[in-house]
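Take a look at this one chain, the form predicted alone, written out in structure tokens.
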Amino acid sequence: MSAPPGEDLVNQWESEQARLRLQVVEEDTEDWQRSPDFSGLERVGGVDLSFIKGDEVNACAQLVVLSYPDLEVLYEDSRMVTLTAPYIAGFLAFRETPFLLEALQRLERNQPKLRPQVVFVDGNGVFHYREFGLACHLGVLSGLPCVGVAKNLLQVQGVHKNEQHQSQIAALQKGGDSFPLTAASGKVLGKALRSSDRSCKPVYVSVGHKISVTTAVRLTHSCCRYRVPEPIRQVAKDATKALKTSKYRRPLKICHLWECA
């Protein structure tokens, strides 16, 4: 069992988050974002870092790029990596971002024409303890528009999975319906989105970087064939295949770091 992280490291990471948080842009910056049908958007990316439950060191860093609006896979990058940073709740980005950023940089070097115009991140953006989750961290460091999409509700800043929240979910009648995730301060940190008519369970969408929450929700819905947006769904499928065939395989459940923590 690894030793608990020191207070100095937590303070260092909090300071770094606060510094980078100032660079987050929570509004639309690209022409395609302002188009009703996202005209000009041709490539959407998805990233995730997955591991085999019970193994805190070896993980699979994944990047996929899909065409838009057809959502066909154009590019896949799958690498087994060794994690060095400890897991601390609220600081997942320091554990994952370096490997996801490396995947984007490899794509930029090897096939720059396939560089995604927006990246979906399996996790949260400004819907976070300090309004700087993984999608924000990756967005600021990569300079790319990023959207955070989480499958589970992070109970933070006055947002709780209570009766009111459940009744709001029940009121979502069709794919595309959403309601705001409002902090105790009154700020909207993201939205719960019913992403598909097929599923009544919402996903939780928040701004990562260089996109507004309204556009992020609209884009997420447009990329959903099922509950989870296709860039994230495809990256999860690829990760499962890679982990099952890697030398690190073992008969344990494959899961995402942010879900299993």
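The first residue of the shown sequence is 1; numbering continues from there. Remember, predicted model here, so these are calculated numbers, not experimental data.
One more form of this protein should be noted, the form predicted in complex with the DNA, which is absent from this view; the next part is about it.
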{"query": "Candidate site Y87, N124 and K161: all three near the DNA in the model of the complex by heavy atom within 4.5 Å", "finding": "yes"}
{"query": "Listed residue (L107, L92, A183, L172) with a non-hydrogen atom within 4.5 angstroms of the DNA in the model of the complex", "finding": "L92"}
{"query": "One residue of K187, R79, K151, R115 in contact with the DNA, assessed in the model of the complex (non-hydrogen atom, 4.5 angstroms)", "finding": "K151"}
{"query": "Interface segment, criterion being heavy atoms within 4.5 Å of the DNA in the model of the complex, picked from 31-39, 50-58, 213-221, 65-73", "finding": "50-58"}
{"query": "Y129 within 4.5 Å of the DNA in the model of the complex, heavy atoms", "finding": "yes"}
{"query": "Any non-hydrogen atom of V147 within 4.5 angstroms of the DNA in the model of the complex", "finding": "no"}
{"query": "Contact flag, Q155 vs the DNA in the model of the complex, heavy atom cut 4.5 Å", "finding": "yes"}
